[in-house]
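One protein chain, two forms: both are listed below as structure tokens, the first as structure 1 and the second as structure 2.
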Structure 1
Amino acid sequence: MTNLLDSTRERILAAAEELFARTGVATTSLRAITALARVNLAAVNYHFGSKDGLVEAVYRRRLEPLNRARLSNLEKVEAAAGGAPPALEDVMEAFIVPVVKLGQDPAQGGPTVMRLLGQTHTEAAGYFRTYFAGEYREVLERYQDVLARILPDLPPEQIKNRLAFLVGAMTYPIAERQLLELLTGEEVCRQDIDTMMKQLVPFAVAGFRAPPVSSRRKRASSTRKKSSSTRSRQ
């Protein structure tokens, strides 16, 4: 625990995070990392054992506080509600806001981290499924439980699915900001991620409040006329 904020260890972590976020883990070499960090190549193996060890350290440094914040936020929301189910909007914010905070605070990584998080799921798969699954799973389970109390008519599987939708809706725009610039004409991304994530809250709240999908029939309830042409072609 030699913690000069500028120690070799820290410089490596920062450089690796930067490059992983920019071009992905697989395409980033230790040579590129140590060059950017202005540190010797062998230092990575000394401090982290291997490239995999470094990758895990980079992700863990950000994911742990993120998930802790999500859990503690949820506890606070529940406490404030007494025994009653908390407001759905509060729960959504408890989940989403920690990501925004992470991206706003340069000390926690700032905007760079956001892209890193976006790559988490694709990239991380091979590297540290075990750690990742453990940490993340607890968060999802806790949120699932609370959501089940707020939305008693929504079957558990549909709660899980909608949580997956939420994670995707949050991750993708963060990760693919640059791509979205190309695709949508750049104004989208002039706004910061901050704004975007705040707009995600009402979107997600409304999505969760949508009526459950009945399992056998395909949405039979509404009174709209169905334009059958929609279904005819691939």
Structure 2
Amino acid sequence: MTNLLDSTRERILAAAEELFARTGVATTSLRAITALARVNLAAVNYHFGSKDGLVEAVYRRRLEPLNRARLSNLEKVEAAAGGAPPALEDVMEAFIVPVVKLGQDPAQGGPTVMRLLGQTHTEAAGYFRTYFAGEYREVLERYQDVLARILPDLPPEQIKNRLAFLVGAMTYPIAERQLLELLTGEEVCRQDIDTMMKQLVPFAVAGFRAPPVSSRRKRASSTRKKSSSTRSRQ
């Protein structure tokens, strides 16, 4: 009985993952999922309670291993550094490489889960923002702490922003494959995307090493002070 229940649950998850990756969460109905999984609606309600519960389960089974890999990689990088700030290149690899491996491993969803992640970032529904914030919080905070040690002159807010830029850069080749093909004039295959993801390491390193950017408020304040000083001298 347990094996049958597990099999039913896995069929529902696999069907939902495939349809979410193909057409998005909002436009995928439970009826379409149950038809592909060859189960009835009661089975979805039994295992997940609702569509929202199913969505969360689909993403959790992919994001939890991804986040564990990122944290494990970071721990190894820090241990190898022996108490000193680790190399920025190693930290970027620790963050990026698990996504590349995820896309290459059919057991972890392979190309389907990559399309799923890209679809989600594109869709950006309200409950995604809440769920993703919770799933990513520990990972992002750990990486922000390490990056602050490596780049002490970079303000925390700019470290946070640059991590967000990195996530966006990782998502773009996956979610916007058609646009990428229009820009390059060539068909983009899975191997091309894997190569692009690996090229993100030096790209990300250069981005994080860029000097801090002064805020507009500070520049405006500085301009006012200079103007005031000029008027007083006059």
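Along the sequence of structure 1, residues get numbers from 1 upward. All values derive from a computational prediction rather than experimental measurement. We call the rigid core whatever largest set of C-alpha positions still superposes within 1.5 Å between the two forms.
- Matching each structure to its source, the form predicted on its own turns out to be structure 2.
- A movement of the C-alpha atom of T27 falling short of 2 angstroms is seen between structure 1 and structure 2 when the two forms are aligned on their rigid core.
- Fitting the two forms on the rigid core leaves the C-alpha of A206 displaced by under 2 angstroms between structure 1 and structure 2.
- After superposition on the rigid core, the Cα atom of N40 is displaced by 2.4 Å between structure 1 and structure 2.
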